[in-house]
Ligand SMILES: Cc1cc2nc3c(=O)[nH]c(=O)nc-3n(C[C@H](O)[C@H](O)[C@H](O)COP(=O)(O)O)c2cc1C
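The data below hold one chain only, encoded as structure tokens and taken in the form predicted alone.
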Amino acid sequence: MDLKETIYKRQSIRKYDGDSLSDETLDEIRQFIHSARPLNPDIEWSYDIVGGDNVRTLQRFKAPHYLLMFSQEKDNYLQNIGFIFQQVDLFLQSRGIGSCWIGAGGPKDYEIPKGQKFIILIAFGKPQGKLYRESSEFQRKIICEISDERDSKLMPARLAPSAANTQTWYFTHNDDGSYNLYRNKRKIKLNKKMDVWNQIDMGIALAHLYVTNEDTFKFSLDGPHEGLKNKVFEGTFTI
């Protein structure tokens, strides 16, 4: 299954059989990560694949492997990590490997790369049970709730995962055929980390649009845009 097809079938996996993946498979994952396209090539980032002994999470489930993600703190760095590693998430699931973004967690007994900070992690391994979902099982907002126009081209972004399934993205259309991306402001900050996770979510949604429009996707942080009430402008893109 290719990455495009995986968008319409993937789901977050929270049950793993506990067996480690082969060294060959882990090397293939590393090779893919090194080939993934960044959203902002000017940001330094890094990652590591570790076992459960090197992470702490509030999740009840355990996975045999975890991806730790680190980055410089620069403009758009959270979106950049989401963009890069959602490509990785799709690659994992296209190879029959379960995965799940985990915001409530971090490295344990681990030296963070100098000049970077820990961002987020992904659990992954062989799934225990069904890996893919049917299209009817997606619980997502309808297109008119996330866009100013009905537009099937945005369907891949609509299906993207997000923190607590908040689906905080909103798209507007420009006269030249480009799009503007906005992030909904949270009315009540019940969780201080949710703002960080939702910025990562913006990159995740853009990754789905890149994967389905690999030859035409372009993104810019700057661009003419309208200020929208209770929304934060995240950038302009073409697909």
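The model shown is predicted, which means the values in this text are computed figures rather than measured ones. All residue numbers are counted from 1 along the displayed sequence.
Just so you know, the form predicted in complex with the ligand exists too; it's not on screen, but the next bit is about it.
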query: Check all three, Leu68, Arg95 and Pro107, heavy atom within 4.5 Å of the ligand in the model of the complex; finding: no
query: Residue contact check: Ser162 to the ligand in the model of the complex, 4.5 Å heavy atom; finding: yes
query: Interface membership of Pro156, the ligand in the model of the complex, 4.5 Å heavy atom rule; finding: no
query: is_contact(Thr172, the ligand) in the model of the complex, heavy atom dist at most 4.5 Å; finding: no
query: Distance check, Arg14 to the ligand in the model of the complex, heavy atom within 4.5 Å; finding: yes
query: Contact residue in the model of the complex, from Leu78, Ile120, Ile84, Leu90 (heavy atom within 4.5 Å of the ligand); finding: Ile120
query: The single option of Leu209, Ile200, Leu39, Leu181 touching the ligand in the model of the complex, heavy atom within 4.5 Å; finding: Ile200
query: Listed range touching the ligand, judged in the model of the complex by heavy atoms within 4.5 Å, from 25-33, 173-181, 201-209, 42-50; finding: 201-209
query: Sequence-ordered residues of 100-135 touching the ligand in the model of the complex, heavy atom within 4.5 Å; finding: Cys100, Trp101, Ile102, Gly103, Ala104, Ile120, Arg133
